[in-house]
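What follows is one chain in structure tokens, specifically the form predicted alone.
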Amino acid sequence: MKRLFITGGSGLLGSKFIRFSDKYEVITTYNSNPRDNAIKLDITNDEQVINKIESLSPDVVVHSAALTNVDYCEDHQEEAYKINAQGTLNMAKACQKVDSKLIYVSTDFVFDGREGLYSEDHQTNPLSYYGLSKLKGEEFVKDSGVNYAIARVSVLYGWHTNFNYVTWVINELKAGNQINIVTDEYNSPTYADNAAEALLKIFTKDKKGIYHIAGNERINRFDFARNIAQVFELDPTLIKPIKSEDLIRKAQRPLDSSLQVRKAEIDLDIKLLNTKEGLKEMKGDVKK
């Protein structure tokens, strides 16, 4: 049985790999948020990372652990670099040492958002320190000599104990609260369960290089929120349109970081879901 090693097992994406435990030996890790049957791992401790990877010798490491709060990263750049860049380098070195494949989960925020619908070979130019630290992680992976793939995701959503954009919108609308959502920020929201399936296919098909593993759609935050209201049968009139300039945020966001996913769909033989498709699957999952 092939062994999968998942960093960030307490996170939204990392937690989705447990569903494959009937076909693979799935080992998940956590750092500050304990999870059942997960092992503690500090990815910033290179010795700890190497010891753990050497002792387990996994067939593939999906490195999804990261510091993802964009504004926090802007204010805590040293910590963001240590986790997102140095931590990724530690994982790459360890995987290279035992010949494990590394799939590094990166972000659409490596782009500046001036064009949108970015392909894998578009020029990167992050606006925030979060984006910069994740891009540095990409560079470390590429230069490490490891057998790697880089998977860029965008606005992950799905059921999880922690809030994400979709669960936040659902809870606010259920409570009858009015929410202000920007109309001028576009991305490609990614259903986490769908992304986990795609990442596993990168491994099983032994694909290398960069892949955009995101929703097959360019949509703004406001229209995404309205789709959430429609699919979950909530009141769309509570969603009020605003511009990004109306928000006070520490870090600059790309206005259009939407991603092209054609390469991934063809190479991996997978359908990457648009928001209505992903939200309908999410709604079906809660009924199960």
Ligand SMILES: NC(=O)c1ccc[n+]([C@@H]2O[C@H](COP(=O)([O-])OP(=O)(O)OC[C@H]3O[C@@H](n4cnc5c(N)ncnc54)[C@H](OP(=O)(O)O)[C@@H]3O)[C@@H](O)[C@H]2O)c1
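From 1 onward, residues are counted along the sequence shown. Predicted, not measured: the structure shown is a model, and the values here were computed from it.
What comes next is about the form predicted in complex with the ligand, which does not appear here.
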*Heavy atom within 4.5 Å of the ligand in the predicted complex - the one residue of 194, 106, 128, 90 that qualifies*: 106
*Tell me, out of 252, 220, 68, 260, which residue has a non-hydrogen atom within 4.5 angstroms of the ligand in the predicted complex.*
68
*asked:* I'd like to know whether residue 32 contacts the ligand in the predicted complex, with contact meaning heavy atoms within 4.5 angstroms.
replied: yes
_Contact of residue 10 with the ligand in the predicted complex (heavy atom, 4.5 Å)_ = yes
*Spell out, yes or no, whether the shortest heavy atom distance between residue 155 and the ligand in the predicted complex is within 4.5 Å.*
yes
*Would residue 134 show up as a contact with the ligand in the predicted complex if we use heavy atoms at 4.5 Å?*
yes
*Determine which one of 169-177, 137-145, 155-163, 112-120 lies within 4.5 Å of the ligand in the predicted complex, judging by heavy atom distances; exactly one does.*
155-163
_With the partner left out here, which residues of 237-259 have a non-hydrogen atom within 4.5 Å of the ligand in the predicted complex?_
none
